[in-house]
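Presented as structure tokens, the chain that follows is alone, the form predicted on its own.
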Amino acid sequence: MDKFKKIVAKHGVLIALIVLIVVNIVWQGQVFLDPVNLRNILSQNAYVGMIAVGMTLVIIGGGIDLSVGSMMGLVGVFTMLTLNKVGTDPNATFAAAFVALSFGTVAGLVNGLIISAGRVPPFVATLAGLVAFRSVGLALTQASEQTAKSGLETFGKIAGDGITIPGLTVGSRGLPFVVQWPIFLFFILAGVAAWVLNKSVYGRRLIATGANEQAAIYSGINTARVKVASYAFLGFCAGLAGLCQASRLSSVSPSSLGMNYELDAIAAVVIGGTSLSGGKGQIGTTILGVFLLGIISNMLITASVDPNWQGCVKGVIILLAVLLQRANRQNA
């Protein structure tokens, strides 16, 4: 029994994901296994996944960021304003991409500085950002939707194009099966973050900072710099997600873009086993958490569950994940 408990504690999210996949195969059959459906699940969750990757590093370092959803929305606003201001393809696309990634990184950096240099608790600092970023986006656009001008096809290719899979076609016309760039960007981002966390000096310092910041300071680690870097990276992830989402939609609604993405990202991180108290976590299990939530959402939509209840289901899952973490720590 103890051995079984250890296996569940170590591989619980993977086991849960496998069970969900089996249930969906039995329930939906070929519909679930259809490459288009699987691609849609990957595509729909790639944006949250990008943020979850950065959020994993921040939480491992002992922090949290509630502002990334609003930050993503403001990134989308700046992206669309820049795109339409420059107005000439492909220059407009390059300028919009530069602005999106730069602003996201700087916004994350500012969050990190407020928390580290200003000694403001992460919850309070990023809660202020959650409100402020969304408010700025609404003010800049007068709360109106921003749409890309015609003739900017290159911008749409950021999220619309991808790599064609040989031998797979879609629909009766036999159109090529394309895996969009955001899916690859998500996995590339995750791979880089996993390498940094597991193989680099910075990763070891980040884990030490989250596990016991005072001890890390005594050992000579500049914990402020470590934490600021993690928030800057999360800002970059939010900038990339905002850029891709704006490209996918070719428009931005400042009131809704990125809404609650921070909660979905935190949920994926927690479900993946990363400790909210810091010092423990893995990028790989966060990816599993992202797709576990994605498959659950897919199931709820397929079952025609009222969208108003879907958030409640996610809330219960987060609570269960936290309770399971606590039980594992007590039994350790």
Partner chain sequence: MKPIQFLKTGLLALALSAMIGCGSGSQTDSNAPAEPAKEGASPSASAGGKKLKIGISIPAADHGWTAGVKYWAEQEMKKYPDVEFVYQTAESPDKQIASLESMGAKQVDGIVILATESSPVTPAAKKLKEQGVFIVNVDRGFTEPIADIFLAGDNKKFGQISAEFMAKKLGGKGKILVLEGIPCTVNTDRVEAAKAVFAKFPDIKILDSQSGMWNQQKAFDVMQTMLVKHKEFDAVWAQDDDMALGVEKAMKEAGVTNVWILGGAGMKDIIKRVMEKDPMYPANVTYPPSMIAEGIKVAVETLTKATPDELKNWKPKNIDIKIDLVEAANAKDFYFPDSIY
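Definition used throughout: the rigid core is the maximal C-alpha set that superposes within 1.5 Å between two forms. Residue numbers count along the first chain shown, from 1. Computed from a predicted model, the values in this text were never measured in an experiment.
One more form of this protein exists, namely the form predicted in complex with the partner chain; it is left out here, but the text below deals with it.
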Open item on the list: Between the partner chain and 164, 276 and 323, in the predicted bound form, does every residue show a non-hydrogen atom at 4.5 Å or closer?
Closed with: no
Task: Of 180, 116, 105, 93, the one that lies within 4.5 Å of the partner chain in the predicted bound form (heavy atoms) - done: 180
Task: Interface stretch in the predicted bound form with the partner chain - options 29-37, 283-291, 61-69, 265-273, non-hydrogen atom within 4.5 Å - done: 29-37
Task: 4.5 Å heavy atom contact, residue 150 to the partner chain in the predicted bound form - done: no
Open item on the list: Please tell me whether any heavy atom belonging to residue 256 falls inside 4.5 Å of a heavy atom of the partner chain, as the geometry stands in the predicted bound form.
Closed with: yes
- [ ] Using a 4.5 Å heavy atom cut-off, state whether residue 245 contacts the partner chain in the predicted bound form.
- [x] yes
Task: 4.5 Å heavy atom contact, residue 82 and the partner chain in the predicted bound form - done: yes
Open item on the list: Relative to the superposed rigid core, does residue 34 relocate between this form and the one not shown - that is, does its Cα move 2 Å or more?
Closed with: no
Open item on the list: If the two forms are fitted on the core, does residue 305 show a Cα displacement reaching 2 angstroms between this form and the one not shown?
Closed with: yes
Task: in the predicted bound form, whether the C-alpha atoms of residue 24 and residue 314 sit closer or farther than here (change of 3 Å or more) - done: closer
Open item on the list: residue 314 and residue 58: their C-alpha distance differs by 3 angstroms or more in the predicted bound form. Do they come closer or move farther apart compared with the shown form?
Closed with: farther
